[in-house]
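What follows is one chain in structure tokens, specifically the form predicted on its own.
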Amino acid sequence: MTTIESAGAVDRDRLTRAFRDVRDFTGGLCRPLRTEDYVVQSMPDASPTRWHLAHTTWFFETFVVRAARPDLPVVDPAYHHLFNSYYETIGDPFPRPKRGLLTRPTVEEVFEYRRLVDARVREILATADEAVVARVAPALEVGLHHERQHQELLLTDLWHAFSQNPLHPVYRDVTLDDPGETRPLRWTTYDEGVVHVGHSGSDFAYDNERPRHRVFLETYELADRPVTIGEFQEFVDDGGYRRSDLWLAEGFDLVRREGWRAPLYWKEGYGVTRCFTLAGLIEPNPAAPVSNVSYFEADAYARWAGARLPTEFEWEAAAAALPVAGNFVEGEAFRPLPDPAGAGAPEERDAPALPRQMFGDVWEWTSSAYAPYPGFTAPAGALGEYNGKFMVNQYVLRGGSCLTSRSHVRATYRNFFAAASRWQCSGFRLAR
């Protein structure tokens, strides 16, 4: 991993502010919840809210507090097992599918754990020697971005848990958009050539975004917006889930075995008359990007539409010069829904086609397997387990979603999930 700190003195004030802001934001995301909401694990891939709160705290205690102050006793030795996610080199992780069985520690005790560790981190940043702070600053920086990831997971896992409840709980009320008119899909052409991809510079990036390197791209076209709910409905209505010729074999096996007939959270038959969201059960806007689809569904739709999914490098080359702006979780009036692809003003419709909604709204599946870049080396120690050991049987997604933090996204950011995953806010755009 790389930290934004230079080789000079560490900016303690900046780190202190960033730590406070990230931890407070997590607390803010929990304010709409009731105690019972914190403890549910609705499937093996998801985690209870309480576990997210405890695990992110364990991360700071393990990689910052214990590194800076090995003389301090840990808050509770049992937590080193219970809230270790997958760091085999430093302990014995508690099995992920069983996190919902942890009735203790209580929610109240987890919040007390956060309070104690937060106080210790702040004390280290305020009083420790310069050399100590410089030594733990990179791990603290990773921890801040790690917690941003868990803020998003907290919301997507709640979304899945709430979807199992016939009362259709509402996490956050929103004012729904008028359906409006969907902006016609247009294409942007990119000429063949060698492009540089991956992260460079001293600002923060994960190890899987490096090293920066060259790739050759053939001429390609990229859709100027993601595929919408209304467009995906046409695929459903045309029997898309019944046509084996559109699907990868593993995907069609899933369709038959799991009975998939529409994206996750579509209700009332297989139409889009109702959709479950963090705003409850709503009538979705057909102009909004379709979400909660797997790689298999995105790939099948692309075949049906006579197109394909972009590679992650085609996506990055198109996004590199664009501002990282869009619908993110820390928006002034946070709406946990993708923004619609509106028709736009006449002058916008006549303007050259450029990619829109590349950042925020929905993570976008690419056709690229999650693999190391040429020359990739995982960091030494336990933090080397953060990304590298997951570089198999996953596909890359780009751009962030409406549940992602704006401060956490870059054009080079590589999210990754298994091809069958669809509980994340994931959509796609077409290429050809």
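As the structure is a prediction and not an experimental result, all values here were calculated from the model. In this text, residue numbers run from 1 along the sequence as written.
What comes next is about the form predicted together with a further copy of the same chain, which is not displayed.
Colleague: Please determine whether residue 247 contacts a further copy of the same chain in the model of the complex, using a 4.5 Å cut-off between heavy atoms.
Modeller: So residue 247 counts as contacting a further copy of the same chain.
Colleague: Does residue 296 make contact with a further copy of the same chain in the model of the complex, using a 4.5 Å heavy atom cut-off?
Modeller: Residue 296: yes, in contact with a further copy of the same chain in the model of the complex.
Colleague: Heavy atoms within 4.5 Å of a further copy of the same chain in the model of the complex: does residue 28 have any?
Modeller: Contact check for residue 28: no, nothing within 4.5 Å of a further copy of the same chain in the model of the complex.
Colleague: When the contact criterion is heavy atoms within 4.5 Å, does residue 140 count as touching a further copy of the same chain in the model of the complex?
Modeller: No, residue 140 sits far enough from a further copy of the same chain in the model of the complex that none of its heavy atoms falls within 4.5 Å.
Colleague: Looking at 286, 336, 198, 169, which has any heavy atom no more than 4.5 Å from a further copy of the same chain in the model of the complex?
Modeller: The residue from 286, 336, 198, 169 that makes the contact is 169.
Colleague: Quick one: of 10, 22, 419, 409, which gets a non-hydrogen atom within 4.5 angstroms of a further copy of the same chain in the model of the complex?
Modeller: Selected residue: 419.
Colleague: Spell it out for me: taking a further copy of the same chain in the model of the complex, does every residue among 84, 239 and 259 have a heavy atom no farther than 4.5 Å from it?
Modeller: Heavy-atom distance to a further copy of the same chain in the model of the complex: none of the three under 4.5 Å.
Colleague: If we take heavy atoms and a 4.5 Å cut-off, which stretch out of 324 to 332, 278 to 286, 200 to 208, 107 to 115 is in contact with a further copy of the same chain in the model of the complex?
Modeller: It is 107 to 115 that comes within 4.5 Å of the partner.
Colleague: Residue by residue through 141 to 168, tell me which have a non-hydrogen atom within 4.5 angstroms of a further copy of the same chain in the model of the complex.
Modeller: Counting only heavy atoms within 4.5 Å of a further copy of the same chain in the model of the complex, the contacting residues of 141 to 168 are 161, 162, 164, 165, 166, 167.
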